[in-house]
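Quick heads-up: it's one chain on its own, the form predicted alone, in structure tokens.
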């Protein structure tokens, strides 16, 4: 093997190593000196001895109540996104606009813009617009997921089997008849499966939106971290893990039924 070929084969590894070294060199390590063994021991001791009294106390500000609120934010945001993504999908699918491709390009551009920003950025914006609380969280989840679901729904329409559509068109069916009797029956199970998958993702996102005042379990978690109440942080993290596990199992079961 010549030297040039050897260099070419090792070039990707060299580039990756160079990026790692460049990234590592740009980090400020001066704060690492503040870390001590006692601090690490205190954190892990609190995390592994959670405050069980916080699970439910009837105040509405306990773990169970706020996890239910977080699930509600995620569910409502996903429902809004599922409904509003449909018209955007029909605009974005190029196989529905073969004679006017600029329409589908505009639809895809809107999807890309909506999903370009994470939910946390939308949450900060909506907290300023509508005030702190769960409504800002619902809007943040909903707007972001319109772009995400719109893109995925569009890909499903563009890759679907066109044979039933062509058969109906051959016997005189119009656009709406092919839409309701050929396209949607194929697409609805996949659309619902994608919506369930994104509901699971939305629960994890909603758990962090409280960090910026958009409701849910994130607000007490950041207060507990700031006050170094590690036992409370431990029970909140435990609650989030159990919630995500149960929702993952439930949505996974429903997705299998839809296949």
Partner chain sequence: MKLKDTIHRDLYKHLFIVALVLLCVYSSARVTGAELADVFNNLDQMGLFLQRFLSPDWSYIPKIIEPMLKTIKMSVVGTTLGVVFAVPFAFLATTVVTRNFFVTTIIRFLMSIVRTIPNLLLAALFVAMFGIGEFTGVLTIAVFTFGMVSQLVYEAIETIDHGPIEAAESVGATKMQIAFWSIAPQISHQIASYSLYAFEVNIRASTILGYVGAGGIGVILNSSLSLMRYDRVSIIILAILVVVITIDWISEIIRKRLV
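Fair warning: this is a prediction, and the values are worked out from it, not measured in the lab. Take the two forms, find the largest set of C-alpha atoms that superpose within 1.5 Å, and that set is the rigid core. Residue numbers count along the first chain shown, from 1.
The same protein also has a form predicted together with its partner chain, omitted here; what follows describes it.
The partner is absent here, but in the predicted bound form a heavy atom of 120, alone among 160, 120, 173, 84, sits within 4.5 Å of its partner chain. Only one segment in the set 179 to 187, 86 to 94, 100 to 108, 163 to 171 has any non-hydrogen atom within 4.5 angstroms of its partner chain in the predicted bound form, and it is 179 to 187. Interface membership of residue 29, defined by any non-hydrogen atom within 4.5 Å of its partner chain in the predicted bound form, is confirmed.
In the predicted bound form, at least one heavy atom of residue 225 sits within 4.5 Å of its partner chain. Residue contact check for residue 44: one or more of its heavy atoms lie within 4.5 Å of its partner chain in the predicted bound form. In the predicted bound form, its partner chain sits beyond 4.5 Å of every heavy atom of residue 10. Along 217 to 240, a non-hydrogen atom within 4.5 Å of its partner chain in the predicted bound form is carried by 221, 222, 225, 228, 230, 233, 237, 240, in order along the sequence. With the core superposed, residue 20 shows a C-alpha displacement of at least 2 Å between the shown form and the other one. Residue 11 shows a C-alpha shift of 2 Å or greater between the shown form and the other one [criterion: core-superposed Cα displacement of 2 Å].
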